[in-house]
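Just one chain follows, in the form predicted alone, and it is written as C-alpha cells.
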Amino acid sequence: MHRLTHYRLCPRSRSLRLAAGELGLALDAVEQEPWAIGPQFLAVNPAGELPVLEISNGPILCGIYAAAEYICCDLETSGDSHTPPLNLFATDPEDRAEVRRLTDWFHNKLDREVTRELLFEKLYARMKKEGAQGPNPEILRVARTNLKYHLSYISYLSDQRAWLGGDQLSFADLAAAGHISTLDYLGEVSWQDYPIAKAWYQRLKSRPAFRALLEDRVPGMPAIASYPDLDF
C-alpha cells in the first residue's frame, strides 16, 4: 500500500487525501506534526514540507504537485493496477492549464495570504513545546481580510462554471477544499456572506471522499459545531 506522510489540518495534505478518495486509492496515512519537523523527515524531503507520498515499489513523491499529478495522471502507466475513474487534471490542454493555474492559486496564494498564517497563529505556534505563544491580533486581522477576497473569487468561479476549473470536478476544487475545510474547522469562514461559495462547498462536502476529513479532530482544539454537518 502507498504511504502518505501528512498532518490532519495541512491543506495540501487534505487535497491529496481528497484526490485519493475520489480515485478510490487506499493510502496508509502517517501523521507528521508540521511544528516538529526533524532530521528524519528532512532526510526524505529536504524542503521540510508536507505531504510526502511513498509509492509502493515506486518513487517517493515530495510536495503536493508531484504527488497529486502522479496519482491523478501517472499511476495508470506506472505498472500499478489502480485505474483512475476520472481525470482530475483534465484531458484538454487548455483545461489542464486552468486546473494547474487554480491549483497554484489555492496552494500558494491562498496559503500564503490566509491559511498558513491562521494555522500558525491559532494552532502551530501554541503546539510547540518551547516558546509557545498566543496569536498576533494584527496577523489575524490581515489574514481574515485576505480571506474575504479569496471567498469572493471562489464565489465568482462557482457562479461562472459548473466546478471551479470548468465543467468537471478537478484537482482545482480539491486544492481549494483543502484550504477551505481547514479554515472552516478553525471557524474562520462566514458562510452567510458567501452563499455561492457555500453551495459549492456543500457539494464537495457531501461527496464520499470528504468523510474522512470531517472526522478529523485536533486534541485541545475542537472543530466548530457545524464542521461535520452536511447541511450547515
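These figures come from a predicted structure and were not determined experimentally. Heads up: residue numbers just count along the shown sequence, starting at 1.
The same protein has a further form, the form predicted in complex with another copy of the chain, not shown here; the description that follows concerns it.
Asker: When the contact criterion is heavy atoms within 4.5 Å, does residue 121 count as touching another copy of the chain in the model of the complex?
Answerer: No.
Asker: Tell me, yes or no, whether residue 152 is in contact with another copy of the chain in the model of the complex, where a contact means a heavy atom of each within 4.5 Å.
Answerer: Judged by the heavy-atom cut-off of 4.5 Å, residue 152 is well away from another copy of the chain in the model of the complex.
Asker: Quick one: is residue 65 in contact with another copy of the chain in the model of the complex, heavy atoms, 4.5 Å cut-off?
Answerer: Residue-level check for residue 65: yes, a contact with another copy of the chain.
Asker: Is there a heavy atom of residue 187 lying 4.5 Å or less from a heavy atom of another copy of the chain in the model of the complex?
Answerer: Close contact is absent here: in the model of the complex, residue 187 is far from another copy of the chain, nothing within 4.5 Å, heavy atoms only.
Asker: Counting only non-hydrogen atoms, which stretch in 30 to 38, 193 to 201, 174 to 182, 55 to 63 is within 4.5 Å of another copy of the chain in the model of the complex?
Answerer: Result of the contact check: 55 to 63.
Asker: Which one of 126, 100, 144, 161 is close to another copy of the chain in the model of the complex, taking close to mean a heavy atom within 4.5 Å?
Answerer: Selected option: 100.
Asker: Going by another copy of the chain in the model of the complex, which residues of 88 to 109 come within 4.5 Å of it through any heavy atom?
Answerer: 89, 93, 94, 96, 97, 100, 101, 103, 104, 105, 108, 109 sit within 4.5 Å of the partner.
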